[in-house]
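Just the one chain here, laid out as structure tokens, in the form predicted alone.
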């Protein structure tokens, strides 16, 4: 069996700590031979962290021009996914795209079209599908234990998510908005469990805390705070301050492109939300809601799935699912063991599936079509939030498109 030659576009956390690190577990099956990022100090620091050597390119186009590269992982900021995925497919490469597929529904469709024309794999990086709790929940639904599913409630509490307001994610022009960037995970899980297509969405979201009047400390006379945690005079007072990796995001990397990863979350300009909720209606008369909160005192994901024969409540941090059969006081509890590696073992399992698709002809557990539907809900939610109206999914795509079959 030939060793797959892989290229990575994007030397941030997902490119180095996730995709790059996972590739090292399979040295006989794959090898990272090239890394591309405009920030050379970040690339060099990333390779040092991985303990490998490979070719470095400041222009992803140069990496994609190499004929010997079999597949490319795209782990750039979200707004670049479409550009490099399409370029990679046109260059004859199989492609792994970290979530979301793109920042707009049309961008996703462009990737889908390029994938169909090239005949190459477009693997959608939805690692939540590989979470052990989510996988067990999917089996419970598919086995009919809950009967017909008609309502799903998704809740994500992510205290660490406040750092989105310190990074590029805070601007919709880079992320598409947090219903797309972060919500794409959960919205895909909801779509997967529901087994139906979304029809319309509505959303409400605001910056409720992470703004200047929300700073959780008193300033002394003449004292200032910000513009980032590294330089902040009030750093010792602020419990939300955080340090950045000195190797991949430190002084040399900042000097290369000006990107500061710990901009003050209270001062930063932003057009995303720190908390919000979207509501989705499906074509089988089902409904779903997804709430996401990037501030608070807990971090967890909860999925409540209601069917006409029972209800299941999945708690990802408790590694448990409680099934409540209808017309009974019984409770069936599932305790699920987690694996090792990122996202409770989900990342390595996803990477294994990606390799199996390329090497053994396996089917991807998540594909580009799944990516389209997730982003469509996210984009509709972002429009709804901004324009304060219900948005039809058909305004963003043709549900009958051959590309979506």
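Just so it is clear, the model here is predicted, and its values are computed rather than measured. Residue numbers count along the first chain shown, from 1.
Missing here is the form predicted in complex with a small molecule; even so, the following discussion is about that form.
The small molecule in the predicted bound form is approached by residue 37, whose closest heavy atom lies within 4.5 angstroms of it. Interface membership of residue 171, defined by any non-hydrogen atom within 4.5 Å of the small molecule in the predicted bound form, is ruled out. Taking the partner from the other structure, the small molecule in the predicted bound form has a heavy atom within 4.5 Å of a heavy atom of residue 80. Proximity of residue 26 to the small molecule in the predicted bound form falls outside the 4.5 Å heavy atom cutoff. Here the chain stands by itself, but in the predicted bound form one stretch of 279 to 287, 222 to 230, 320 to 328, 92 to 100, 92 to 100, has heavy atoms within 4.5 Å of the small molecule.
Just one of 198, 125, 115, 176 comes within 4.5 Å of the small molecule in the predicted bound form, counting any heavy atom, and that one is 125. Proximity to the small molecule in the predicted bound form, defined as a heavy atom within 4.5 Å, holds among 192, 259, 150, 157 only for 259.
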